[in-house]
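Only one chain comes next, encoded as structure tokens, the form predicted on its own.
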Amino acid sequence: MNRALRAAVVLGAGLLAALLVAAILALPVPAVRLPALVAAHLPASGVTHPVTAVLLNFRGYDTLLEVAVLALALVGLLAQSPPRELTHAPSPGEPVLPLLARVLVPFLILSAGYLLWAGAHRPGGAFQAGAVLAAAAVVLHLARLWPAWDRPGRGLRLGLVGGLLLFLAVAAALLAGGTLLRYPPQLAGTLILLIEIGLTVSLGLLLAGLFLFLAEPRSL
């Protein structure tokens, strides 16, 4: 990249940043205090933590779209990746790292379960739990205990999109009653927990897949 092109990129980025700052400063003063509004409706949300209430109840469709974007990102990666020869048996490496991985990964899985359970009443939830599960998969691969992934089979495909499909099924069932992701108060907690369990598995596989599908060189 020559100096003129580099200068043009820097100038364009600076102008974009200035426009974003100006747009933020020009925003009007909010007419509604959202923290107070969330606190007022929290008892009917099915959970006791305001962030979980917003993500999976009050603004559940935003979370649904976020999961869909992650799934589409992985689909795009697979569509652009040529087939490769998969190494089914990882080659042996240093003995210390596999030992540490075998000790660490069970704790990561346990931590993911705790984050999933804790999300209803304290910081945590499906995204954090899924990220920890993905980290466990990456650790296993780096320790040469788990090979990189090739093309997803039927079971893996179901795991990758199962959380999203479950979320869509709940949304469709509620939409039949005339509302989008507005849970009945008596079922809100159960439905949110069900969605989070499905999302934890799918998000863990999606995030791990973004690494493991490209973890080894591909041979045509």
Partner chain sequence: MSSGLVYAVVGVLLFVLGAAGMLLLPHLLRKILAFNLLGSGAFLILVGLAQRDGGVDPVPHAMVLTGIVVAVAATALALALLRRLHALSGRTQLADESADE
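What you are looking at is a predicted structure, and each value in this text was computed from that prediction instead of being measured. Positions refer to the first chain, counted from 1.
If you look for the form predicted in complex with the partner chain, you will not find it shown, but the lines that follow are about it.
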property	result
V47 within 4.5 Å of the partner chain in the predicted complex, heavy atoms	no
is_contact(F127, the partner chain) in the predicted complex, heavy atom dist at most 4.5 Å	yes
4.5 Å heavy atom contact, L187 and the partner chain in the predicted complex	no
Contact flag, L70 vs the partner chain in the predicted complex, heavy atom cut 4.5 Å	yes
Within 4.5 Å of the partner chain in the predicted complex: residues from 30 to 59 (heavy atom criterion)	P30, R33, L34, P35, V38, P50, V51, V54, L55, R59
